[in-house]
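Before any questions on binding or motion, here is one chain by itself as structure tokens, the form predicted on its own.
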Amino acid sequence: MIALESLHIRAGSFSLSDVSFTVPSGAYAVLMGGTGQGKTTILEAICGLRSIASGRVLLDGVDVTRRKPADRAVGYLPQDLALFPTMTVRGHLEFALRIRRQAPGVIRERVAELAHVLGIEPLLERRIQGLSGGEAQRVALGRALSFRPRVLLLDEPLTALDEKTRDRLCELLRSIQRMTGLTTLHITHTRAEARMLADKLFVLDAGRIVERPLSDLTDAPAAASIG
């Protein structure tokens, strides 16, 4: 579960006030809204990369508002992927596990499992340069999932991909979420993407988050203002 209670967030001259919503445990929620509304700021507040002036962030019922990012057990995939150009694909999948001082055998098993699920086994010894957009997205997703987080946050992870690759990765994301039961919050501007993924639909508009019916994603007049 992800629960935000009356958050007040400042980012320079930009601020959000009284942000409240809940993603139920095991749900795949999509957050939509116009550019510059503060969607990324909300994800950063959940994972601890953005300070909160007031309010609370709860994950699986635990108040993590004042915890450090590494202590929140949040898997985060930023929009720019933040992959390290000098590191191999294997290194990315191992990264969070090594930081958490997992045993070498545990790391090997987890990397092999992720590489198989994500279909990147042939890429493990390659560096990031030269990977396709879809391959890089899979690596970034694997890194976010590697340490078995309690929630997963995705910031427009499929924006730069062609339609066919995007659809394949949507299917992969939904398959992984169903397999793991991982509570997920995914930002997108694309209604087709949201239709493929969402159990819950939230819209950020004029600083307020409201839940909307999934039918808004297929009804053109009602969906016109989503994002």
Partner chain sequence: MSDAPQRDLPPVVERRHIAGSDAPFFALLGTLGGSYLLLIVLLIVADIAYTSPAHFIEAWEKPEIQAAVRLTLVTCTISALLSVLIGTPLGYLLARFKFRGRWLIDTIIDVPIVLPPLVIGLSLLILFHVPLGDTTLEKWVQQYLGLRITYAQPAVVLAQFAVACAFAVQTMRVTFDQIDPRAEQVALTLGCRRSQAFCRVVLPQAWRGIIAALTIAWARSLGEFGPILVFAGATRMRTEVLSTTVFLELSTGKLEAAVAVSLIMVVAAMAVLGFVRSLGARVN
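Residue numbers count along the first chain shown, from 1. On a predicted model such as this, the values are computed, not experimentally measured, just so you know.
Missing here is the form predicted together with its partner chain; even so, the following discussion is about that form.
Asker: Give a yes or no on whether every one of 151, 161 and 180 sits within 4.5 angstroms of its partner chain in the predicted bound form by heavy atom.
Answerer: Looking in the predicted bound form, the three residues 151, 161 and 180 all stay beyond 4.5 Å of its partner chain (heavy atoms).
Asker: Just one of 70, 62, 53, 192 has a heavy atom within 4.5 Å of its partner chain in the predicted bound form. Which one?
Answerer: Contact with its partner chain in the predicted bound form is made by 70 alone.
Asker: Work out which of 130, 122, 85, 104 lies within 4.5 Å of its partner chain in the predicted bound form, going by heavy atoms.
Answerer: Contact check passes for 85.
Asker: Contact between residue 134 and its partner chain in the predicted bound form at 4.5 Å, heavy atoms?
Answerer: Contact check for residue 134: no, nothing within 4.5 Å of its partner chain in the predicted bound form.
Asker: With the partner left out here, check for me: in the predicted bound form, does some heavy atom of residue 89 sit within 4.5 Å of its partner chain?
Answerer: No, residue 89 sits far enough from its partner chain in the predicted bound form that none of its heavy atoms falls within 4.5 Å.
Asker: Considering only heavy atoms, tell me if residue 74 and its partner chain come within 4.5 Å of each other in the predicted bound form.
Answerer: Yes - in the predicted bound form, heavy atoms of residue 74 and its partner chain come within 4.5 Å of each other.
Asker: Does the 4.5 Å heavy atom contact test between residue 96 and its partner chain in the predicted bound form come out positive?
Answerer: Residue 96: yes, in contact with its partner chain in the predicted bound form.
Asker: Looking at 42 to 50, 194 to 202, 180 to 188, 27 to 35, which stretch has residues with any non-hydrogen atom within 4.5 Å of its partner chain in the predicted bound form?
Answerer: Heavy atoms within 4.5 Å of its partner chain in the predicted bound form occur in 42 to 50.
Asker: Counting only heavy atoms, which residues in 147 to 179 are within 4.5 Å of its partner chain in the predicted bound form?
Answerer: The stretch 147 to 179, when checked against its partner chain in the predicted bound form, contributes only 147 at the 4.5 Å heavy-atom cut-off.
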